[in-house]
Each structure stands twice: as structure tokens, then as C-alpha cells.
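In the form predicted alone, a lone chain appears below as C-alpha cells.
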Amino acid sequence: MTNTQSGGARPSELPAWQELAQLAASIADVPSIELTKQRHTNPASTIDVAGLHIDFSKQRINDSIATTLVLLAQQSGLADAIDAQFRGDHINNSENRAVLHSALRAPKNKRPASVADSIENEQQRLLEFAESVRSTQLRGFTGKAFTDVVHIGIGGSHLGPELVYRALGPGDGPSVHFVANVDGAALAELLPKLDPERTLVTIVSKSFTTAETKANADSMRSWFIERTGRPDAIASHFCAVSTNLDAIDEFGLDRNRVFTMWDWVGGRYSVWSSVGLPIALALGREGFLSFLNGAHAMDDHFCHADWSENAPVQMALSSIWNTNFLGATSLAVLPYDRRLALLPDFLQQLDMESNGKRVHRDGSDVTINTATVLWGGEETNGQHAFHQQLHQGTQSFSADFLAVIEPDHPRQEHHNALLANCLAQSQAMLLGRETDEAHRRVPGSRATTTILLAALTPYTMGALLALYEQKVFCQGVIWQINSFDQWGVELGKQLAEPILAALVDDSSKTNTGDAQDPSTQALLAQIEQKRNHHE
């Protein structure tokens, strides 16, 4: 890292940052349409890469702002940071780890030598396993082929695989069911529909101790044994992605069906690894490799394209401009394709868990805004739910519109209407509406980016996710924060343990309950009272 990244000038002290503050004031009263007219002939306002067309022309940016934003990236040490990421330096400084998820999607000869062979071996094991299930060569203990897979994980072990599976699957593989939340309703609804002799269970937890995952895995194990009477058959119907081999042995799994997770792969960046088993089951070897290739194409573009025409860099700079200079407090992700309905959920974790930080890399306090609140929903449903707030509300926001040019169905008239709504909504946010009737006025001048996928394929899906991953990385570099830890998540987990003890163990209720704050004590008492009333 450069001196800037290890304790030098803070972001707001950089000359480019200070110049951007002045430029923001200079365009405060300029309608976005005027800025768009100035930029729409500039090739840098649109970027085409890996089957994606990314249009920045509706951002509230002119050429002077665009040039100064690139200067900010330079002064922030972004070039050195990119090199450090792909070289395998320990850029996750609070955990002293490398960040090498990009190596998982790179050709073997382009991976750091220290991880090239281990990635290749594990990837081949995964694909061979997936193909054996798909071909029905691998079967359950009674000789029946697997028709259903239950994928158990949470957070990054769940969001990425389910997003890609819903977008591109199920293909010609088995049906995959995703169980994440500790809420028992999910299993209560799912289990009656499954035949244990035809069900394969995948458990994804690096530590094999994640509370929600362990609870669901234990319940699946109990269900299987109760239905089959064969605890010895667990090894034939369960597999895992984990590093805790002792826990794996205790659970009864076959180590040949356990895939590894390296410490240089964070959960929210793990879809490219063996965590992506549901994707391999749905798409097969070639589909999964195409997914990786699309992501690598975006990485290659990220490493080599000039920053004025670099999609992840421009995505990051636009977001920083909106967040830190134009006052946007949220980012709405609006996919106009039902196959991408889960994209906002995935990006919530990627963006907010990565960059929702309040200290710099050196531990000093951050004095600027970092990650915004990211949210969104499937369109055009959202138009009839929350777009009123976007068009006439008082909160500042930015938005990403996403659409796919070619549908996956024959109803072209529906798809034309979908695309028309996508373009019209972004146009309305640009233009607004002036009228003498105050309640009909729409201010417009909202900052938006539109991403068009030529078609939704494994390749373009991989490119899209890598685009957002590297965007988040660039933001973290410029804000001088560590995008690859998540210590804030740990607090709630720790506090849940004594509360759980108070809920399930009568002998601990007094000691544990009394140790809580007054509000939590009162809530525990209310739960106990209602439970006693129903007994």
C-alpha cells in the first residue's frame, strides 16, 4: 500500500477531494439533463465490457468532475492497491490475510503461484463431484439418483449461490433448495416435500460452528436418520465446504466429500469457490467455467483499462461522488428482470458488510460517509411500491437500473414493456416534470446508472458480479478502510449466546437474565410469561 493507505493524508485532505467539493457546489443548481447533454457524446460516459453496456450519462457529472474523480483515485493510491490485491499481498490488514477471490476465476497461469495448484485441484474435485451427481453416477445409499439438493449456509455462503442459481438454473441438474435463516419455518415447509433417499445435503460453513448453519444441519441430520433409520448413510447423502475436519468427522461426513475454504476468501466473495456447488450442479462443468470466465474478463478489464474507461473504477467514483459530495444516503438497485430479483439482497451484503466501516485502516476515526444503505427490489413491482418516494420524496439517493436485452421466454411483447418501463423510469429520474400543480411536480435530476446485459448467461452473470466486487474494492481504497473484515457482525453473535441460554435453560434464567440491560430483561420476562400462560 502507499503512504496514503497506511496513515498519510486522509481522503478529505487530498487536493482532488477539496476540488471536488467546490465542483459539487458549482453544479448544485444545474439540471441533470444539461449535464447529460454535455456528456452524451463522450465515449467515456458509456463502457462496453464482457457483454455489459454500462451507461453513466445520467450521473450528475461533467467532464471536469470526471477528470477530478480520476485524479482522486490516483491520489488515493488505487494503482498500488490493485496491484497488491492481485499479487496476493495481505491487504486485509486487521486479519493479516490476502484477498485472492479473483484468483479463483483466473486461468491457472494467471494465478499467484502460491495458490495456483491448490485452486486447480479443488476446482477439479468440485466439478467432478457435481458432474457425478448430474449424471446420476453418484447415488444415495439405496441406489436412487439425487433429485433434490438442500444447500445450508448463511450470508456469503448462501446469497451468491442462490442468486446465480435463481438467475441461471436449474438447468438439467437436480432441484436445489436453499436454507439459511435459523427460523425453523423454512425446514418445516421443505422437509415434507423431500424423499430422503433422493436428497443430497450440502453444508457450507468455514468453521462448521456458524450458529444458524449448525442448527439447520443438525435438524437435517436428525430428519434423515428418523426417516431412514440409517445413521451410517449420512456419509452418502451429506457433503460440506469447511475447514474444521474434526467437526466434520463428528458429524459423520466422508472427508472425500468435503471441499476446502481458504482464509483468503471472504464469505461474501466465495461464490467462485466450492461454495458455488449449487451453480455447478445446475450449469455443469462448462457453465460453471463460463461463469468464472466472465468474472475474469471483468478483472482483466479492471487491471488494464484506462481509468476514464474502466467500469469498476467509474462505478466506484460515481458512487463516491454521490455519497460524499451530493449527499446521497442510499443506493437503489433496480433489476428489470425477474431472474435478477435477488441481486439487491446479494449486493446488500457485498456493499454494506464490506464498506460499512467507521475506522480507517490504521484504526483512526473516519470523518466522512462510507457505504450508503443499499436496497431495491424486482421491477416493475417496485414502481407500484416505492418509486413514489424516489420521484417526489425528500431523501437524496442514487440508483442502478439493470435490464437484459434478450429475454429467456417467447413473450416479446412483455419484454418490450419491461424494457420500456426501465428506460422510462430512469428518464423520469433525469427529467422530472414541471407543472403549475404543485402536487404533480417531480424534481428529477436524480443520479442513475443503467447496466444492460446483452443476454443473461453464465458469462455475463460472472462479469456483473465481478463488476460490483471491484467497485466495492475501489471505494474502500479511496475511503481508506478495510473492505474485507466484518467485526461489527461479531457483537450481535456474542450477545445472543447468554440470551439464548436464558431462553432455553431454566437454571440460567435468573443469572443470565439479570445480567441484561433493563429493556432486554423486560422482553425476556414477557416471553417467559407468555410461554407459561400457554403451558
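Just so we're clear, the structure is a prediction, and the values are computed from it rather than from any experiment. Residue numbers here begin at 1 and follow the sequence given.
Beyond what is shown, the protein has a form predicted in complex with 6-O-phosphono-beta-D-fructofuranose; the following relates to that form.
J.: Classify as open or blocked. Procedure: superimpose site C-alphas, place 6-O-phosphono-beta-D-fructofuranose with its pose in the predicted bound form, test each ligand atom against backbone and C-beta atoms at 2.4 Å; 3 or more hits mean blocked.
T.: Check passed, pocket reads open.
J.: Which is the contacting stretch out of 199-207, 160-168, 431-439, 394-402, given heavy atoms within 4.5 Å of 6-O-phosphono-beta-D-fructofuranose in the predicted bound form?
T.: Of the stretches listed, the one contacting the partner is 199-207.
J.: Heavy atom within 4.5 Å of 6-O-phosphono-beta-D-fructofuranose in the predicted bound form: which of S32, Q486, Q475, S57?
T.: Answer to the contact question: Q486.
J.: Which residue, I154, C422, L187, A98, is the contact with 6-O-phosphono-beta-D-fructofuranose in the predicted bound form, using a 4.5 Å heavy atom cutoff?
T.: Filtering the options by heavy-atom distance leaves I154.
J.: Taking 6-O-phosphono-beta-D-fructofuranose as it sits in the predicted bound form, is K493 in contact with it (heavy atom to heavy atom, 4.5 Å or less)?
T.: K493: yes, in contact with 6-O-phosphono-beta-D-fructofuranose in the predicted bound form.
J.: Would you please decide whether R268 lies within 4.5 angstroms of 6-O-phosphono-beta-D-fructofuranose in the predicted bound form, comparing each non-hydrogen atom pair?
T.: Residue-level check for R268: yes, a contact with 6-O-phosphono-beta-D-fructofuranose.
J.: Give a yes/no on whether Q349 approaches 6-O-phosphono-beta-D-fructofuranose to within 4.5 Å in the predicted bound form, heavy atoms considered.
T.: It does: once 6-O-phosphono-beta-D-fructofuranose is placed as it appears in the predicted bound form, Q349 has a heavy atom within 4.5 Å of it.
J.: In the predicted bound form, is there a heavy atom of 6-O-phosphono-beta-D-fructofuranose that lies within 4.5 Å of any heavy atom of E122, even though the partner is absent here?
T.: Outside the cut-off, so no.
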